[in-house]
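What follows is a single chain, given as structure tokens, in the form predicted alone.
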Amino acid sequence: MILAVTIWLITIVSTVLMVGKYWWFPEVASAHGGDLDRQFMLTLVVTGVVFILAQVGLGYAVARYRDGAGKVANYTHGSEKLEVIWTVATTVVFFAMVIPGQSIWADLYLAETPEDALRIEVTGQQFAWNIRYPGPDGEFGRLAPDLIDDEGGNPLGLDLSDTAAQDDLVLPIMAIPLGKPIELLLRSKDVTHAFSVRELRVKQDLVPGLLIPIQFTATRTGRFEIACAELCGLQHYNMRSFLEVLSEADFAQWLKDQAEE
């Protein structure tokens, strides 16, 4: 009986913590974030109801069929009808939740990139972020692996013999303009990393050998942490940077200042 009561207490505490939204998401700062939060809430409500019913049933089974004098266990084959019902119900609920979420995923990964989007390349390495802007010409310069020199200030291997590479900016921090479509081109230099900005509701693995595009639009100004959300080595905790969402004018000035430095 103690075990049954413990199960019910854990269920009650877990439910209160989730309904009360303790340690909840920070305020959203991207155009797709509201839809993603609503999808998350729908999933949480559905799975939460299932969780509560399952744990209440488990506690009841523990209490009802606990060992006692004169009690004998009986074997049952179960009910094929019930198995079919809950399997079909689970399938229907699953697709009912997944299908709306596909449109959000498609907007991030499959939607056509707007012509006026700002393209920024993000390369993760142990244990730093390299943020590359294309410069006034709007083109990224050529990279050459044999030119990579971390100590010499060329962590990406920019080939400066390429005219397009001469005005590229490689920075440890990122800034973007408010309300402008952004396309990030995500790369990894060594192992798997994960680019994560909670307020933007953006989290994407960086896989060695792949160029992974993702797009979003920031909806409020602020300074947000860029974290690596994939364990990538002993100094994983040090792999962090910051993203600033600025007005168009402030972003233009920031970009100019970075180029001059």
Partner chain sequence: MAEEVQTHAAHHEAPSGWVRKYVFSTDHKVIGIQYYMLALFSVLVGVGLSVLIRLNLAWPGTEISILGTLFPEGAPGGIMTPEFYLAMLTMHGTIMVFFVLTTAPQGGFGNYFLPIQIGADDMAFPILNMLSFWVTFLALAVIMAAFFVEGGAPISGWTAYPPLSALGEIAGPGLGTGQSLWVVSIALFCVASLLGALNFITTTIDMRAKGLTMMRLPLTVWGWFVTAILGLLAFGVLLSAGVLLLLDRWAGTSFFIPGGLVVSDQAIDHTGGSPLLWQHLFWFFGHPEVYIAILPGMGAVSHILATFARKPVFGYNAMAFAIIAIGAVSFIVWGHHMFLSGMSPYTAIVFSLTTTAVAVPSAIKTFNWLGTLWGGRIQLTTAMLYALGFVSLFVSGGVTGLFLNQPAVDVYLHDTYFVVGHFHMIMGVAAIFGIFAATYYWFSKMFGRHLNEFWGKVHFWITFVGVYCIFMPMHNLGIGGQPRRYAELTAFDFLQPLVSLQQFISIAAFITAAAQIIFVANFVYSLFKGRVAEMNPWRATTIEWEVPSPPPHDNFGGKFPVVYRGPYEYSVPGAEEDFVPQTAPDARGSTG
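Positions refer to the first chain, counted from 1. All values derive from a computational prediction rather than experimental measurement.
The discussion below concerns the form predicted in complex with the partner chain, not included here.
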(request) Could you confirm whether residue 17 comes within 4.5 Å of the partner chain in the predicted bound form, counting heavy atoms only? (result) yes
(message) How about residue 255 - does it come within 4.5 Å of the partner chain in the predicted bound form, if we only consider non-hydrogen atoms?
(response) no
(message) With the partner left out here, check for me: in the predicted bound form, does some heavy atom of residue 34 sit within 4.5 Å of the partner chain?
(response) no
(message) At 4.5 Å between heavy atoms, is residue 238 in contact with the partner chain in the predicted bound form?
(response) yes
(request) Please name which of the stretches 115 to 123, 168 to 176, 132 to 140, 150 to 158 has residues with heavy atoms lying within 4.5 Å of the partner chain in the predicted bound form. (result) 150 to 158
(message) Where, within 224 to 243, is there a heavy atom within 4.5 Å of the partner chain in the predicted bound form? Residue list please.
(response) 225, 226, 227, 228, 229, 230, 231, 232, 233, 234, 236, 237, 238, 239, 240
